[in-house]
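The chain below stands alone and is given in C-alpha cells; this is the form predicted alone.
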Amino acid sequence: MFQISRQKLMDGFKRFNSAYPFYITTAQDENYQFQYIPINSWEETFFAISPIRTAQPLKSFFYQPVQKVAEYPKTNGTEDDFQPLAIIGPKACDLQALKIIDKVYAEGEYPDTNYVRARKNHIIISTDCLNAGKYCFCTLMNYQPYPESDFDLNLSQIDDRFLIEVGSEKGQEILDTFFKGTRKAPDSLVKAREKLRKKVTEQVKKQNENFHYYQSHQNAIERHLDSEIWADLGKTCVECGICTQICPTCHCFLLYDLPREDRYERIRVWDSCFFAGYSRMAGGLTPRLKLADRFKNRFYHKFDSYVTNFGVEACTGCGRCIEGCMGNIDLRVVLTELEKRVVLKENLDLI
C-alpha cells in the first residue's frame, strides 16, 4: 500500500496521459459520467473522484454498444482502430460485473477476441465509493462499496492524500513509471481508509434494511415460473429496455450486415430481452410474445439460469436499473415480493 499527495498524483496523471488516452469520471448536475481525455490533454481540473458509480456502465469500454466484428470479403490493409485506454474512477460494482461478463465472453470454448483484447490491454484505476447512492444495494448482493480485486490500481482518498493499492503487475509498472513520490502508507492512513469504508458500507446497509432475503433468489424465481405474478410485478413496464442497456452485466446483442462500396461489415449492437423482436424466430414465431414473459425472462436469466450455468448471479447491486426505469420498477421490491409469496404459500401448505 502506497500513499501520495494530491499534487504528486496530478503530476503523475499528466505523465501518464502522455502515453494513454483517459476516460475519467466527471460530475454534471449531480450525475457522474466518464469524460474522454486525449493524449497530452491532461488538466488538473479534470480530476474528481465521483462519490458513487457513473451512469455509464464500465462494460461499454470492453463490449461496445456498436462494434464491427467482421467484414467480408476480407480486404487487405484494413486498419484496426483499437487503442488501449486508461479508465479512471470505476467502482467495485462495475469491476464485479466485468468478472460476470468474463464468464460469457472471455472464458469457455469460444472467447470473444475483441472483448479479450480490451480486457488485456485497457488499464483500470478504480476508486472507493465515498457515499451510498440513492439506489445502490451492493451489500444485498454480498458485495462491498469498495474494490477488493480486479483493478490495476485503486485510489482511496483520505483528505488531501491518496492511498494507492496495486492490483496487478501492470499496475505496479504504471506506478513505477509515471507516479513519482509515492511512499509506503503508514498504518494510521490504512486504518483511516478502513473507517471510511465501513461508514459507506453501513450507509448502503441502512438504506436497504427493509429488503431481506432469507432464501436464494433462484429458488424464489423457480417457484414462480408458471405464476401470474409477473404480469402484476411488471404492469408499469413500458418496454424501453433501459434497465438492460445500463445494466453492467447484461450482454445480449444483435448482429446485422452493413453494405459498403466493396465489402460488407458485420456489426454487433446491444440488444434487450425486453424488445418484442429479441426472441422472434423464423416465420415470426416467438416464445415470449407477452411483456410479462419478457419481464420474467430478465429475472430468470439474472438469478436462475446464470446461476445454473456459471455459479453466480448476474447482478452486482449498482441500482442503475432502478434509477433509470420509467415505470418505477424496483428490482429489490420484485425480489422481495417473490420471496414473500413463496413464504406465504409454504405457510398455507402447512395449514
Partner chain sequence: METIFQPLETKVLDVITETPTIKTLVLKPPEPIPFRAGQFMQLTVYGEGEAPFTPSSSPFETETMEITILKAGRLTEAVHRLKPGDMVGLRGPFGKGYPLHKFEGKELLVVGGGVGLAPLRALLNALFHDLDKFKRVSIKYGARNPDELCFRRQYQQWQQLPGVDLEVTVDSANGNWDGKVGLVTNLLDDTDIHLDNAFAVSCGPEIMLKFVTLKFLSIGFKADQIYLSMNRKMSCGMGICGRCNIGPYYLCKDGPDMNFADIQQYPDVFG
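Numbering follows the first chain given and starts at 1. The structure displayed is predicted, hence computed values, not measured ones.
Keep in mind the form predicted together with the partner chain is missing from the figure; the text below concerns it.
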Taking 4.5 angstroms as the heavy atom distance cut-off, pick the stretch from 23 to 31, 64 to 72, 39 to 47, 318 to 326 that is near the partner chain in the predicted bound form. 64 to 72
If you check Val166, Val104, Val200, Leu140 against the partner chain in the predicted bound form, which one has a heavy atom within 4.5 Å? Val104
Kindly confirm or deny that Thr113, His251 and Leu254 each have some heavy atom within 4.5 angstroms of the partner chain in the predicted bound form. yes
Is Asp226 close enough to the partner chain in the predicted bound form to count, meaning some heavy atom within 4.5 Å? yes
Does the partner chain come within 4.5 Å of any heavy atom of Asp152 in the predicted bound form? no
Taking heavy atoms and a 4.5 Å cut-off, does Tyr300 contact the partner chain in the predicted bound form? yes
With a cut-off of 4.5 Å between heavy atoms, is Tyr264 one of the residues that contacts the partner chain in the predicted bound form? yes
Sequence-ordered list of residues in 296 to 315 near the partner chain in the predicted bound form, where near means a heavy atom within 4.5 Å: Lys296, Asn297, Tyr300, His301, Ser305, Thr308, Asn309
